[in-house]
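Shown below, as structure tokens, is a lone chain in the form predicted on its own; questions about how it binds or moves come after it.
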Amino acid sequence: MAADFSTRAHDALNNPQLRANFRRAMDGLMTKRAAQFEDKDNWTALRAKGAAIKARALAQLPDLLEEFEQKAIANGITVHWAETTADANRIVLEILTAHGAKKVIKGKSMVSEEMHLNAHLEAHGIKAVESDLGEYIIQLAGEAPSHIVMPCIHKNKGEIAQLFTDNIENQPYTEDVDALTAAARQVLRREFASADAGLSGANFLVAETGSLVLIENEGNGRLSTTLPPLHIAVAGIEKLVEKLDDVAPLLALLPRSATGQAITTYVNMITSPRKSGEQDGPRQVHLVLLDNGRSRVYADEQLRDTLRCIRCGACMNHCPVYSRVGGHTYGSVYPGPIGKILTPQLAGLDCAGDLPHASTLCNACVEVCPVQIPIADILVRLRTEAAEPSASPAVKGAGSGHSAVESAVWKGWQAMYANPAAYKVGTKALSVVGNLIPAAAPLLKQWTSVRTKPKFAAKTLHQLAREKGYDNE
């Protein structure tokens, strides 16, 4: 999966159109987000509250899961537990098969991407249609999402226009955004009307009321969850919050961090199936709660902070690595900074060990995270676990990157730098040996002979600072 990160990154960096698409999109998203959080004191207080809400929920997660299940069942929602993605796929398929469903209309759901649900359903003769516009576009392209909020952010108008012309009957080529949106709407309205079941994710699950909270901008989530007679929701177990009052602060953080909106167009609260006398809504609601390694992550106090994530994507929008190589480079469902810490924990460092190293540790992701996830600290922890695993069983594939030679070198470096006499002798020896290495190693010799030697600056930083008036001395 992530073993080819370097190769994919090289290809992405040599794709000028892809880089231009991302640069334009990231600049716009960062500007919009900054405008929403101009009051720094308000931002600091709000994110502290958001972090506290998620931390409090995680601290009592086992109890909250039981409370939520009891409340949801009392409301008429059927709750299913899935330890793995295979279990979750099996449960969803069994529900659909029992209802004779042949077509599912889907709202946006990253957990369904984690499950690779569409492919599983297609293999069993059930058509899955994405109704989120971005997801619909990449489904036409046969691609995975490149961003957790804006799945087709890597494409420009021309590329989308060509996709529509190639895949929608009698669709003329046009780059007019309104015309493209209308074309997608015309196709999807028919799919909504003919779907046997609707499937969605959930942004939050409220233990106090047994409710599912789903936010969106296009109305497709509302149609997917109310128009078909059957609604299936899939969500990770970390989506729990304790009280209904906890939702408002998180809703004040999520859209502003994600797309620079004060609030999303639709906030859906789903607490039960259609009741007697109601005119719309599904006759059955099922919720599949997915673990898939989350309990293992939860067991470690430091790594548990990963599960605070509210999937806003702000860390991606501000990441200097993601904005240059794009989401597909990560080779996983969750790209960007959150993916660099979540994917290795869920899939294992033996499968995704490159991802924690795909970072400059610049801390930009930490500064914008609305729930204060210490992403940089967890990246360093995962790098350490790959080389020298701790006693914690939480990290799958720990030690997979261990090298006895590298370990010995670093221990020698540590010993040399801890002793002044050893440092003096060591650096003197290295200066002699270092000059002999290129002659003994052709590869190193080529590197030292080909590389461009740095030029000395005309002025020192202190001189430039004095000229600019930055130096008070």
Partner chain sequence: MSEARANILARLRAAPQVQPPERPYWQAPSFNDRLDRFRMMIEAVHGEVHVVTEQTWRPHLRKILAEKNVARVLAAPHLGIDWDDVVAYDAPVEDFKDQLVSGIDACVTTTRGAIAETGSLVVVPDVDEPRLASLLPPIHVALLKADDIADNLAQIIEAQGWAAAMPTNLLLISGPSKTADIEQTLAYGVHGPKELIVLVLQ
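Worth saying up front: this structure is predicted, and the values here are computed from it rather than measured. Numbering follows the first chain given and starts at 1.
Below: the form predicted in complex with its partner chain, not depicted.
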Which one, 174 to 182, 114 to 122, 375 to 383, 330 to 338, holds residues whose non-hydrogen atoms are within 4.5 Å of its partner chain in the predicted bound form?
174 to 182
Quick check on this chain: which one of L227, A394, A101, L140 has a heavy atom within 4.5 Å of its partner chain in the predicted bound form?
L227
Sort through K127, H402, R90, H357 and report the residue having a heavy atom within 4.5 Å of its partner chain in the predicted bound form.
R90
Is D245 part of the interface with its partner chain in the predicted bound form - any heavy atom within 4.5 Å?
yes
Does its partner chain get within 4.5 angstroms of any non-hydrogen atom of G219 in the predicted bound form?
yes
Tell me, yes or no, whether M269 is in contact with its partner chain in the predicted bound form, where a contact means a heavy atom of each within 4.5 Å.
yes
I'd like to check something about R304: if you look in the predicted bound form, is any of its heavy atoms closer than or equal to 4.5 Å to a heavy atom of its partner chain?
yes
In the predicted bound form, does every one of D11, A86 and A207 come within 4.5 Å of its partner chain, counting any heavy atom?
no
Would you give me the residues of 244 to 280 that have any heavy atom within 4.5 Å of its partner chain in the predicted bound form, in order from first to last?
L244, D245, D246, A248, P249, L251, A252, Q261, A262, I263, T264, T265, Y266, V267, N268, M269, I270, T271, S272, P273, R274, K275, G277, E278, Q279, D280
